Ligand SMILES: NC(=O)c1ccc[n+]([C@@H]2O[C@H](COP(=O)([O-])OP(=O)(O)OC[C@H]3O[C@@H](n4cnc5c(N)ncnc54)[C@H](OP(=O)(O)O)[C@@H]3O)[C@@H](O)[C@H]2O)c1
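Take a look at this one chain, the form predicted on its own, written out in structure tokens.
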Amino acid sequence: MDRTALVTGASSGIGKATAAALVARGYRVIGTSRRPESLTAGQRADGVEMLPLDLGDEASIEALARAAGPVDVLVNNAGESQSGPFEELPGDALRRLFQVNVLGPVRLTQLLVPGMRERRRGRVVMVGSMLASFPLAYRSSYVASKAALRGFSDGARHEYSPFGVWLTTVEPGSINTGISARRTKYTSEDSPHRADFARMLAALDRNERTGVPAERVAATIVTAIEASRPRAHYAVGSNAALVFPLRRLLPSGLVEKATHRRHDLRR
């Protein structure tokens, strides 16, 4: 198979599992990390070439696109997680989150998709979140960033499918990747939301510890990549096969209550 795949954030979790799965399928795989030179042997999937990428730095994004060369598959997986009461989210933290989770992946896609279009073949997978479809209190910034990423994918998909290039979004639910330890949290000592926020975080961590493994998400990403006409959206984990049909059938208020009860937030 003469195909090159670029997977961002490939040193852990979903990115590492996806890179390994693509290597096993015969792809040449390039992975990224902020500092690949500092990775241990266990953080490097076998057969994956690692290159540096800081999605918060435009020059780093452009350097990666040059170094990677022609790419047939782009998996925009790298990103950050953020939590906090809406009114207490710092402006600089919001700007950083949207740069890393939205603008950085969009810019990388802009740089790589023209080559796919010219070769009339390509796949772009945005790794989103089920929270974009089931918004959760104290996660508004993260929800908004993942919804924005899906919006770019959905719109651009119609521009590129005539050229054999398909954009799709894979939305994981609760995944056991250890991301809880890396989530940024913002709340003040005297916040009126403090008790609610703590309950939500505890439930979020609990759900992620019992979530599906990263390898299951990677298998869904590979399915999207290798489909002849990939769907616009795939979801995996958190009983996605059940809850998405129910979301279409049930009143929105009931869906909202169920989402918050799953995270120990009751009204």
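Counting begins at 1, following the sequence as shown. These figures come from a predicted structure and were not determined experimentally.
Another form, the form predicted in complex with the ligand, is not on view; read the next lines as being about it.
Just one of S153, S133, T177, S141 comes within 4.5 Å of the ligand in the predicted complex, counting any heavy atom, and that one is T177. A single residue from the set L111, V100, A93, A137 has any heavy atom within 4.5 angstroms of the ligand in the predicted complex; that residue is V100. Checking 191-199, 168-176, 117-125, 83-91 against the ligand in the predicted complex, the stretch whose residues place heavy atoms within 4.5 Å of it is 168-176. Of the heavy atoms in R34, some are within 4.5 Å of the ligand in the predicted complex. The ligand in the predicted complex is not approached by A19, whose heavy atoms all lie more than 4.5 angstroms from it. Within 4.5 Å of some heavy atom of the ligand in the predicted complex lies at least one heavy atom of A78.
The ligand is not drawn, but in the predicted complex it has no heavy atom within 4.5 Å of D205.
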